[in-house]
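Single chain ahead, by itself, as structure tokens, in the form predicted on its own.
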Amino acid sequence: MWRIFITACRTALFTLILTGVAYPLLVTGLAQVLFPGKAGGSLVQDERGQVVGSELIGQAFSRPGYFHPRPSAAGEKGYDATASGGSNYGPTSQKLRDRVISDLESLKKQNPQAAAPIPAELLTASASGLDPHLSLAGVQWQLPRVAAARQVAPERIDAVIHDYLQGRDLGFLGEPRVNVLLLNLALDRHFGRPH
């Protein structure tokens, strides 16, 4: 009986070391060597070299001279990377309906020159609450507000948008999209920070 117990303990310890220590260290080390930027969190720096975010995690922008991301249900105030997740409100939820109506009124007020209808992604949070991308329609809907706040011709900002438009993955997966953080940083580089 003791022999079987000792063999089982050795097997469990070996498996724990192999799968819980050796394998994660190997994979992490390979990732650091082969893909250092991605393994380090895809961090984004501003023109002064300061880290301002990650390409993979959405963050709030509320000033009129910046493109705003999707709403976030991650954490109490949204965009909390430690509390990634959706609200889990169903389509009949009164709380969801109230939030969407409030966001709809806010979007209309902030974007009086924007054409209707409002793209659905500007009213709905992603499953993670941290989606860093918007569709081209979601970005272009906000273009009149951003151009007016920056006092720059919409055509010039639209050219920057198209420079930052990412195509479908592998040419056929997903939809074309724009990373909001990268776009806003590009606008600051091209036109300066908005007042």
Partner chain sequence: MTINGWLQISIFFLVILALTKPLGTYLYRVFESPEKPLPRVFGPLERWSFRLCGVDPEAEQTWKEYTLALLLFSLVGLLVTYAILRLQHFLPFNPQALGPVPPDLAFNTAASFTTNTNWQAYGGESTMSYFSQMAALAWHNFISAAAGLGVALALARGITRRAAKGGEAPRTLGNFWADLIRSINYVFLPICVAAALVLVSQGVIQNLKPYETVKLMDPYSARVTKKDASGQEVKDEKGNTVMEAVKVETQTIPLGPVASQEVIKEFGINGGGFFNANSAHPFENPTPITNFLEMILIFALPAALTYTYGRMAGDQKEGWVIFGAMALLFLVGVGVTYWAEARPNAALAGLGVEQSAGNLEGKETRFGIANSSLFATVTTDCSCGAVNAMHDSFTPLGGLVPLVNIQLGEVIFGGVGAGLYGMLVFVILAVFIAGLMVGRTPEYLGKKIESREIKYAMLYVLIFPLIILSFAAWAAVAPYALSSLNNAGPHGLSEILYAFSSAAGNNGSAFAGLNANTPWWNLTLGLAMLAGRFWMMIPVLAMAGAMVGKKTVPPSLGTFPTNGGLFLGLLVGVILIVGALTFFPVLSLGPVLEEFLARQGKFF
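Numbering follows the first chain given and starts at 1. Quick caveat, the model's predicted, so the values are computed rather than measured.
Although not depicted, the form predicted together with the partner chain is the subject of the following passage.
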{"query": "Contact of K38 with the partner chain in the model of the complex (heavy atom, 4.5 Å)", "finding": "yes"}
{"query": "Exercise: K95 in contact with the partner chain in the model of the complex, heavy atom 4.5 Å", "finding": "yes"}
{"query": "Contact of H133 with the partner chain in the model of the complex (heavy atom, 4.5 Å)", "finding": "yes"}
{"query": "Contact of Q50 with the partner chain in the model of the complex (heavy atom, 4.5 Å)", "finding": "yes"}
{"query": "Stretch 71-90 - residues with a heavy atom within 4.5 Å of the partner chain in the model of the complex", "finding": "E76, K77, G78, Y79, A81, T82, A83, S84, G85, G86, S87, N88, Y89, G90"}
